[in-house]
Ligand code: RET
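One chain is shown next in structure tokens, namely the form predicted on its own.
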């Protein structure tokens, strides 16, 4: 059954749809060695991190320690999938910037617009909650607060994606960016204030202090790069912007993962939950995995 003309036109005008095929985008990426390496390096590091966590966590016995380890592993599971999408051209598009944007009139591989790596927003949307789950559990926070930060981080990433894909108005691009930044600041407040205090009570303050510095300082780099990169003021080109994001991912994902994992494998009393941890009913024990 044919779609109504109005719907057909709307679909054809989606900013994700460019005139370049995936093959052309794939070739464009690998014609730029600097750009392609920013993707490939993260695929390799994510793979190494997954194997490293599997090896380090092979003797874990406490169910709460296992949950933290699995959360840490899932960060890299998302990353290796997302970076594969970027490398293949699946999650790349050429988006024409609105009037007044510094990159207005730019062409990419003969197509009007700039290369938009919208697949990175998928990485952040699905991986950042796992970072927060691990951090929240290490701090000793409750699940209500942990899930609230996860909801805010998903909202932050989705509104960031909206900022990157809005082509109708320059003002609206920055409006979406402002909303995303507000959600980001809520998360930062929870980490720096609430979870820091809870880590003091839990006894994980030293570890949490290291993790929060790596995480928060790294996370502040993302909106700064967005503003300076091709999606914002276009001070940095696509390859440099991509490398900036990749370096931040290395710090806030893989380095944070191993710092936390080397602590968790010793199963200190501060992070263990006991044999009944994870049971849905009082007095019951979760089955061995």
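Residue numbers count along the first chain shown, from 1. Because the structure is a prediction, the values reported are computed rather than measured.
The discussion below concerns the form predicted together with this ligand, not included here.
Contact with this ligand in the model of the complex holds for all three of 127, 181 and 219, each having a heavy atom within 4.5 Å. Checking 226, 263, 28, 39 against this ligand in the model of the complex, a heavy atom within 4.5 Å turns up for just one residue: 226.
Between the options 94, 156, 199, 134, the residue in contact with this ligand in the model of the complex by a heavy atom within 4.5 angstroms is 156.
Comparing 116-124, 201-209, 100-108, 141-149 against this ligand in the model of the complex, the single stretch with non-hydrogen atoms within 4.5 angstroms of it is 116-124. For residue 252, a non-hydrogen atom is located within 4.5 Å of this ligand in the model of the complex, even though that partner is not displayed.
Residues 156, 160, 177 of 150-178 are found to place at least one heavy atom within 4.5 Å of this ligand in the model of the complex.
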